[in-house]
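In the form predicted on its own, a lone chain appears below as structure tokens.
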Amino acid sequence: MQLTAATILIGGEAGQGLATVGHLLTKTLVRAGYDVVVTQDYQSRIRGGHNTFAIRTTLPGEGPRVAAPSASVDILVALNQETIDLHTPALTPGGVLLMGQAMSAHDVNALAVPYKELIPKPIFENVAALGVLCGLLGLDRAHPARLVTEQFQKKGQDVIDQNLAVLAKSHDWVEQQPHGFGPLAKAPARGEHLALNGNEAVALGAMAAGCTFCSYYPMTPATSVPMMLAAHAETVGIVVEQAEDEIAAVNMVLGASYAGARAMTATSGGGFALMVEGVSLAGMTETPLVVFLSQRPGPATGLPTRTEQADLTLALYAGHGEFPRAIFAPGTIEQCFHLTVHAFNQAEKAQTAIFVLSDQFLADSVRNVEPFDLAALPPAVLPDRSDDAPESYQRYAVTESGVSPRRLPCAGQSLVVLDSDEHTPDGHITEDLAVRVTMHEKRLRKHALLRTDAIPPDYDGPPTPDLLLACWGSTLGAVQEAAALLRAEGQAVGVLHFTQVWPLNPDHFLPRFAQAGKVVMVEGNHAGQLANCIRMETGFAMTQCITRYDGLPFTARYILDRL
């Protein structure tokens, strides 16, 4: 019987090459036309520990697009005995275990792969594993062969030929085994798709937005964003600076932004905690600031390589004093790209701090997406490039919207004065308390602008659902899948996904809540942080909050078990 979906879990120690095999198989599946969702679970160490790389693949068009991990496994690839001991219970009845010949398993369908016979030396083991997996899944041999050829192109034809020989031998071997595993149904032809994780999409979004400066201090799971920007820095014209710490990083961004750069920083909760004074400086100086904040479990170092959604209130209240800000929370790879573009424009439009709030699950989750349409992007919002009437120019002129014309220093005759103290409209320090009130109210009026521009949450479902599942950020896929399973049972279920979690516009969601029989918030923290924000802003109390804070991403099963 041919399958329309399968979950492949590769487990072993860090340093055994499981991620390499996983990425090769992911690219092969995408090129063969399948949808994929990758979940990486790894410990905070260079070598050792128990890590997994899980690929959930589905045939496109077979029901709603799946965008969450699965609790069950169809193919378990064990690179060590610990993987068998830990994950065999998750193996489905028709599943198969691939293991080394020195390992042991009981009462499951298992194949002991003779790697020593398939490869001339250990360095070929990853390609052999790819060949076995492609053979087991019934994938066209041309897809992995082309990928391997590209992978080793720089090493010469001899290396390519050796790897292709291992690939073919491994593929042949598994086809001769009585494994009983049904292959995947052939995927229909479709246009080009990219295999991207969330951080790669954020970096591409920053490039598309015209980012010209990024300063950061390394912190998992955000670091791959500046790393990707650095890899393409010369091509697209970006300066990427690894600062001595997060305090320097955020202040470098402010300096660059003040001078006219499209600037951002990337960090996680612990690093962001050090940046908050800089965030406050952005509020007072009205300097555009884009912060990519990729969440992981805290407090302190917490679980540095696991996922959580517990920094919403940190981003919301970061910085002393009162000043406006907006917080975006992508739930898909496409939203990672487009919300990053939007963040740059909103930062310039409102001249304040804007956050893109992601997490480890989304950062490391590879999925297939269609190429982004760059021509369809909105025009970039840029500083005032005019130099009209420079003698009367005031950097902090009082306006109805609260947004003052932002000219760049040394770009003309206009004098641009900036100060972190309270200041007059022309930028000079003041302790005139009446001016203080005027300037404070001017800055706070920008909150109304951000609220007017707030992106409404996406809704999917009947007009009056019996159950409304609300969520934000990366929980979207699991919530959508849980809703689909409940609908298949005949229940009227709606899904409301927030991609902007601050400011909130109650007109966008309160009518939905009122039309639902029961409203349940699903979010990855203990407190129900977005549910609390909604209650604070509107007085609306959720019927139930389903939370998760064990470092793992939501699955549909986890949600259904708690409803």
Partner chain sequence: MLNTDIYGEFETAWCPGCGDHAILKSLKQALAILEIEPHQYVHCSGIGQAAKTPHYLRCNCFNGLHGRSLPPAQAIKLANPDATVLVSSGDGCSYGEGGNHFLAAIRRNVDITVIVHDNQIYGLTKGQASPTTSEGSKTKSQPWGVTNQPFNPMAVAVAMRANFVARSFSGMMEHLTDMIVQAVRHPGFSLVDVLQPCVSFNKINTFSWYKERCKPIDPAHDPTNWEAAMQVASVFGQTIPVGVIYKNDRPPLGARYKTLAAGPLHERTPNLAAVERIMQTFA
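All values derive from a computational prediction rather than experimental measurement. Numbering follows the first chain given and starts at 1.
One more form of this protein should be noted, the form predicted together with the partner chain, which is absent from this view; the next part is about it.
Among the residues L450, I84, L293, L254, the one placing a heavy atom within 4.5 Å of the partner chain in the model of the complex is L254. Here is the short version: of E441, E192, D161, D388, the single residue with a heavy atom within 4.5 Å of the partner chain in the model of the complex is E192. Just one listed stretch, out of 169-177, 260-268, 99-107, 450-458, contacts the partner chain in the model of the complex at the 4.5 Å heavy atom level, and that stretch is 260-268. At a distance of at most 4.5 angstroms from the partner chain in the model of the complex, none of the three residues A19, G302 and A315 contributes a non-hydrogen atom. Proximity of T220 to the partner chain in the model of the complex: non-hydrogen atoms within 4.5 Å are absent; the residue sits far from the partner. In the model of the complex, the partner chain sits beyond 4.5 Å of every heavy atom of A488. When the partner chain is considered in the model of the complex, K186 lies well away from it, no heavy atom lying within 4.5 Å. Contact check for K27: a non-hydrogen atom falls within 4.5 Å of the partner chain in the model of the complex. Of the residues in 389-425, those that come within 4.5 Å of the partner chain in the model of the complex through at least one heavy atom are, in sequence order, E391, L408, P409, C410, A411, G412, Q413, S414, L415, V416, V417, L418, D419, S420, D421.
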